[in-house]
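A lone chain, given as structure tokens: the form predicted alone.
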Amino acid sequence: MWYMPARSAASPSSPRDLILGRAIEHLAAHGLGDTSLRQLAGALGTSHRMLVYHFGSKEGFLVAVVRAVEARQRAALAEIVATAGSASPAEIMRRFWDRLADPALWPHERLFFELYSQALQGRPHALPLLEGIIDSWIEPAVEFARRHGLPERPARAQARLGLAVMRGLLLDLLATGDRRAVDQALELHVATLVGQDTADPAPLSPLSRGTRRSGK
């Protein structure tokens, strides 16, 4: 399970953050289904009243969970970049994709796309999800591209394209479970960015070989 763990007991954390940390772990292990807010509260070791106090409703709670997972993913990407050494931007993209494609995160990612769709339909409870849903990823990606010599305008366009590709491929993976095919598409995108020959995608990572949802 790749996502960053909750803070240690010695680290300061608000009750709201602690609830979110437990919720992220619970969702990864058990999914969501039709669980009520009261049932969620019991599973998380808190009360229905506290969830309402911190999040307002079940819908508000789920939006907060998705935003917390997104924040952890951005932190994980920042850690990959910070510890990458001489790794190329293409290799960093591959490493981050391996994290995103981990089946342990699929319950979170399904919830992300469900709420994203609701927000785009204008449903009030989901609208807060749209705040920063693009820009919070674009700005650090632009800064990274500029550090590698890309001017501002193409860096911004490339960052937006990269985010769209990652989310689109993730949606494909969730729908089909076909890790091999999705990895090949990612390699084609990476090759295009670095100007390689795109006729034959680069070899797949060991994590992706033979991985496909049963029955597909």
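Keep in mind it's a predicted model, so treat the numbers as computed, not measured. Residue indices: 1-based, along the sequence shown. In this text, the rigid core denotes the largest set of C-alpha atoms whose superposition between the two forms falls within 1.5 Å.
In what follows, reference is made to the form predicted in complex with another copy of the chain, a form of this protein that is not presented.
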Original post:
For this chain shown on its own, do Gly31, Arg110 and Leu169 all sit within 4.5 Å of another copy of the chain in the predicted bound form, going by heavy atoms?
Top reply: yes
Subject >> Heavy atom within 4.5 Å of another copy of the chain in the predicted bound form - residue from Asp102, Glu91, Glu114, Glu139 >> reply: Glu114
**OP:** Work out which of Ala78, Ala87, Ala71, Leu130 lies within 4.5 Å of another copy of the chain in the predicted bound form, going by heavy atoms.
**Re:** Leu130
Original post:
Using heavy atoms and a 4.5 Å limit, would one call Thr83 a contact residue for another copy of the chain in the predicted bound form?
Top reply: no
Original post:
Quick one: is Arg67 in contact with another copy of the chain in the predicted bound form, heavy atoms, 4.5 Å cut-off?
Top reply: no
Original post:
Even though another copy of the chain is not shown here, does Thr46 get within 4.5 Å of it in the predicted bound form, heavy atoms only?
Top reply: no
Original post:
If you check in the predicted bound form, is Arg146 within 4.5 Å of another copy of the chain, heavy atoms only?
Top reply: no
Original post:
Has the Cα of Gly33 moved 2 Å or more between this form and the one not shown, judged after a core fit?
Top reply: yes
Original post:
C-alpha of Leu186: shift of 2 angstroms or more between this form and the one not shown, rigid core aligned?
Top reply: no
Original post:
Given that the CA-CA distance for Gln118 and Asp34 shifts by 3 Å or more in the predicted bound form, does it become closer or farther?
Top reply: closer
Original post:
Are Leu62 and Ala164 closer or farther apart at their Cα atoms in the predicted bound form than shown, with the shift being 3 Å or more?
Top reply: farther
